[in-house]
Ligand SMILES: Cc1ncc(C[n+]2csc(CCOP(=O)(O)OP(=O)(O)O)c2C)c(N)n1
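Shown next as structure tokens: one chain only, the form predicted on its own.
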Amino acid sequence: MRDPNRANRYPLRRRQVVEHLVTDMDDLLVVAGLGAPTWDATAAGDRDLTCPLWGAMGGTAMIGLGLALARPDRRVLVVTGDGDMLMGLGSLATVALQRPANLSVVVLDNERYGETGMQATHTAGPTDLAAVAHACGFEQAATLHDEEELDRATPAILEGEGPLFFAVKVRAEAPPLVLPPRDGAHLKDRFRMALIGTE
């Protein structure tokens, strides 16, 4: 039976998870999914090499895939939410088929649609995103529940041979908004110049 309050008791907090993954990783290319993952990434530092998505729900993993294929010499981290991943489940099959060795997908799973009122997502019930990723062909796909599991998985997330998938169960909460610039053209140009320069 589904416990509607389960996510309120998870020990991991989304903002701390993102900060843990991106702090001091100056060369890491980060694609942050719409809504809370973008706010979390910005709270960890408004980096030029972070591509925050103000929209494009369901497309975050595919943007990360394109970036990973275009730049196999750089590590790409997709950080998104369970609502975005549920909308783009087919992208997991495409990522697994393309097998980019430099790509990690991390889903901050609070079992809620945070941008529309904290309604329960399918992961509050029987849906297991890591199992879906594994069935799509990810050789390494797991769900992380606490700090010890996150610490053990971090080297793989940041350096392991991909593609890798980790669903991180985080508390269902709404930390204060920390917004990146709202100008999409500016964000694109900033990321591009930081990655390839002005030539």
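Since we're looking at a predicted model, the values are computed, not measured. Start at 1 with the first residue shown and count on from there.
This next part talks about the form predicted together with this ligand, which is not shown.
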query: Segment assignment from 160 to 168, 66 to 74, 30 to 38, 145 to 153: heavy atom within 4.5 Å of this ligand in the model of the complex; finding: 30 to 38
query: Contact label in the model of the complex: P100 to this ligand, heavy atom within 4.5 Å; finding: no
query: Interface membership of A93, this ligand in the model of the complex, 4.5 Å heavy atom rule; finding: no
query: A131: touches this ligand in the model of the complex, heavy atom cutoff 4.5 angstroms; finding: no
query: Partner contact for M57 in the model of the complex: this ligand, 4.5 angstroms, heavy atom; finding: yes
query: Sequence-ordered list of residues in 10 to 26 near this ligand in the model of the complex, where near means a heavy atom within 4.5 Å; finding: R14
